[in-house]
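Just one chain follows, in the form predicted on its own, and it is written as structure tokens.
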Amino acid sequence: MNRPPLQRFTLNDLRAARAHGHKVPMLTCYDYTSAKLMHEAGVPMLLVGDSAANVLLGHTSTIPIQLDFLIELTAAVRRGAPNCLVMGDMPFGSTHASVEQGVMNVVRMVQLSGCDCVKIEVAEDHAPLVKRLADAGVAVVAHLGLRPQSVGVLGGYKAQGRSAAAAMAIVSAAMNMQASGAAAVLLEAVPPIVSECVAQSLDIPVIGCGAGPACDAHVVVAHDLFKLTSSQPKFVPDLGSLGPAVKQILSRYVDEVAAGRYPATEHNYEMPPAERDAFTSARKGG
């Protein structure tokens, strides 16, 4: 399907979408080529998530990925998707030691990648950092609910906010983050009743990742959407699968090379006839 060129999408557009009840699609993205395709397809928001640790590097958690690597990926996505709202993710350990350390690392992310905002998996003690960054003009998206960087404490990749107390804690944390200056909240793996309460309690946009229809925007991991991962979370829509098509192309390439059909004449670079004759003569003379 041909879509009109994507106009520059900003946080103001996300706020306007919330005000008018329009839902905004968002995908994870980790490279220039994919970003260009998503940009051309009209995806307005891209998250360069620490999930790259899983889908790009093969780690079993997001913990090992490094800040410098995420900065490089985010910069590549920025180049590929100039009109998208690009969100850089702050990896494990990059904002935990102190407010000063957090500010320094977030500033590096923004300056070196050109991202529009940063996502931080937050706890209550991140409020001073969020405030300091907001005061400095940095748009922070506060990640609540399932926080993959805290999977050791949470006891696995489990939905959060499933008890009344846990749900109230998420609502309270979201309100605290808004009061601290967060530009938006991202809720991952929480029941719809929780995200609905958060959305009703806040004035800022709420981005959902498996968090129900009340959210203003929705994000899924692109590799899950394409079914390139071994299994997909239940909240990922079933829109097709790239895996079989990619495997078919790879298998055909293997067969073409093995059978000697590739490379063929049409794949070769030829010398001009005079240069070819001169080369042939030089070889014979040698």
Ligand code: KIV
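All of these numbers come straight from a predicted model, not from anything done at the bench. Counting begins at 1, following the sequence as shown.
The protein also exists as the form predicted together with this ligand; that form is not presented, and the subsequent description refers to it.
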Heavy atom contact within 4.5 Å of this ligand in the model of the complex, the stretch among 50 to 58, 255 to 263, 236 to 244, 36 to 44: 50 to 58
4.5 Å heavy atom contact, K119 and this ligand in the model of the complex: yes
Exercise: H143 in contact with this ligand in the model of the complex, heavy atom 4.5 Å: yes
Contact of A182 with this ligand in the model of the complex (heavy atom, 4.5 Å): no
D216, heavy atom within 4.5 angstroms of this ligand in the model of the complex: no
Contact residue in the model of the complex, chosen from L186, V190, M177, V198 - any heavy atom within 4.5 Å of this ligand: L186
Contact residue in the model of the complex, from L133, M109, V86, C209 (heavy atom within 4.5 Å of this ligand): C209
